[in-house]
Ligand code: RP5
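Just the one chain here, laid out as structure tokens, in the form predicted alone.
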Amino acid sequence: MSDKQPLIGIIMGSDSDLPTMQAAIAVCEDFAVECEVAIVSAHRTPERMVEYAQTAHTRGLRVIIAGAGGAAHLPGMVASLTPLPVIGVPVATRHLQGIDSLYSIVQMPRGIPVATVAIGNAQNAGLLAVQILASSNPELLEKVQQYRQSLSQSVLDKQTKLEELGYQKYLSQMSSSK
């Protein structure tokens, strides 16, 4: 990204989480919001995690997205150390398909909230982070509204195509495009 001040921190417990977290990075890029990306393990680099979380707001970050698989302690631990909103992304694991990560992230004690998205849905985490920023940035809010309108238009376009083709031809085209 550029030399501009990052507003969103995107962290993960391991580089193996990066394929999932790249969707959040892409959202930041699409909305021209600066982000920083880092590997910050709650278990293997706890001192780094503490420093990252405690200094995030002083470094200009406004939101943190934390992806974690397995024990998934990173989002909750970071949330306990920072005054910033934290969005947890449960990363799918080989053995439990991310259910363990989801449960770990959503089961935070009172007073330590972590917003949580669906397993593997870093795109929604990125969108939520952008929406949080947009609540105090009219230009960004306009971009979010335009994005929402494009989602609506996409569905309407699909409905028009379905009506024109009928469901069987529509399904056939869907199968051939995969």
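Values in this document were obtained by computation on a predicted structure and should not be read as measured data. Numbers for residues come from their place in the sequence shown, where the first is 1.
In what follows, reference is made to the form predicted together with 5-O-phosphono-beta-D-ribofuranose, a form of this protein that is not presented.
- If you superimpose the site C-alphas and bring 5-O-phosphono-beta-D-ribofuranose over from its pose in the model of the complex, none of its atoms is within 2.4 angstroms of a backbone or C-beta atom of this form, and that means open.
- Although the partner is absent here, A68 is a contact residue: one of its heavy atoms lies within 4.5 angstroms of 5-O-phosphono-beta-D-ribofuranose in the model of the complex.
- When 5-O-phosphono-beta-D-ribofuranose is considered in the model of the complex, R48 lies well away from it, no heavy atom lying within 4.5 Å.
- In the model of the complex, 5-O-phosphono-beta-D-ribofuranose sits within 4.5 Å of a heavy atom belonging to R44.
- Taking the partner from the other structure, 5-O-phosphono-beta-D-ribofuranose in the model of the complex has no heavy atom within 4.5 Å of any heavy atom of G9.
- Annotation for 4-34: interface residues with 5-O-phosphono-beta-D-ribofuranose in the model of the complex are G13, S14, S16, D17 [heavy atom within 4.5 Å].
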